[in-house]
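Shown here is one chain on its own, the form predicted alone, set out as structure tokens.
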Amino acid sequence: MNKSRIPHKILGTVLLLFIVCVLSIRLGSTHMTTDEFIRGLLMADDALTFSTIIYKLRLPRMLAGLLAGIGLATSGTILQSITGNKMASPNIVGVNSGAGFAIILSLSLTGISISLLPVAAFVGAFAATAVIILIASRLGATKTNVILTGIAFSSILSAGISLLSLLDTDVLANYNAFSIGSIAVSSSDQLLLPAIMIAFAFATAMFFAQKINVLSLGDSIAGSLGINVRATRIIAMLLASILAGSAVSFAGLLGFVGLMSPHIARTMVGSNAKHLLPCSALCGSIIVLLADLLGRVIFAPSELPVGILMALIGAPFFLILLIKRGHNND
């Protein structure tokens, strides 16, 4: 890895993200000419319809994709680093299953307002992670214990989701919309709190980047270098939960972003968390925004939720990783 080229690669990724953001606002299921787009941006009196589409629909959607990509990709990067498992993703800390269980439980038992579902999703995601951390810490918080505890508890929550779905079929429509994943938010105001939490968790992760690097070398080496392995891994898992839970709260159960982005970033800048975390965040945002853009443009005037596009892209990527891992083991 040529370290001197890493800043250039990150800068190039920033430029690509900027282009994708512009395209996300410029293109969509409603066609605009270049002149209409410019007049809409300038909020000309004769282009109020286009201004509404740009500022009320496309801009919030672009910001949602940006934040979702950062949250999920950074979460996946942290988890892959601290567990030593390159197949790890936010699912491993119970984010998806916890959020999903909280959503369907709230709909079934309380008839919660649709506007409050993001709050329930975040609470469920964070609570599930807290339980997994508690159990894993009692067992020593080793890599293996964290992974196995996450898998076991997520399976229990998934069973709970299935049970509640059978008992109350009326909630399935709302839950299915959440489980597919979408960044079609109703307002930019909805993103304010998740943005603050993602920014805080990302900045904290960057502060702990060196400890994450040491932890990725293995527990025994990290311990010999003076790192409190157990405490560092728990803090890292909490950060991963905040990042992914904040994204899930408004984007739903958007899959594969936390798996793909770290792998793509690692081929560009290597495994140093100082470079890997920001590059992965940029890659995650690009992936989400491109998938959303394709879903809007290819099927115009209809739209395909970004979660479906992510599954179509992510599933083959996951299979390729499995095949490569199998060859490496051989």
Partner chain sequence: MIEINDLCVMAGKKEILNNITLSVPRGKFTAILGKHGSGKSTLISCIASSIRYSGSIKLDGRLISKIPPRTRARLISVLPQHLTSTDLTVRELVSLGRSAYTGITARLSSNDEEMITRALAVTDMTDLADIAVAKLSGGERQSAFIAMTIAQDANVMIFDEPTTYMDAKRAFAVSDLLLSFVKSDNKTVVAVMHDINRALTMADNVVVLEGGKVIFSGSPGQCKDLGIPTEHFGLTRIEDIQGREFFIHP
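Computed from a prediction, not measured in an experiment: that's the story for all the values here. Numbering follows the first chain given and starts at 1.
In what follows, reference is made to the form predicted together with the partner chain, a form of this protein that is not presented.
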One residue of Ile221, Ala199, Leu105, Val131 in contact with the partner chain, assessed in the predicted complex (non-hydrogen atom, 4.5 angstroms): Ile221
Listed residue that, although the partner chain is not shown, lies within 4.5 Å of it in the predicted complex (heavy atoms), from Ser165, Asn145, Ser158, Ser216: Ser216
Stretch from 237 to 245, 150 to 158, 221 to 229, 120 to 128 whose residues place a heavy atom within 4.5 Å of the partner chain in the predicted complex: 221 to 229
Heavy atom distance at most 4.5 Å to the partner chain in the predicted complex, all of Thr13, Phe18 and Arg61: no
Interface membership of Gln210, the partner chain in the predicted complex, 4.5 Å heavy atom rule: yes
Partner contact for Arg266 in the predicted complex: the partner chain, 4.5 angstroms, heavy atom: yes
Exercise: Ser271 in contact with the partner chain in the predicted complex, heavy atom 4.5 Å: yes
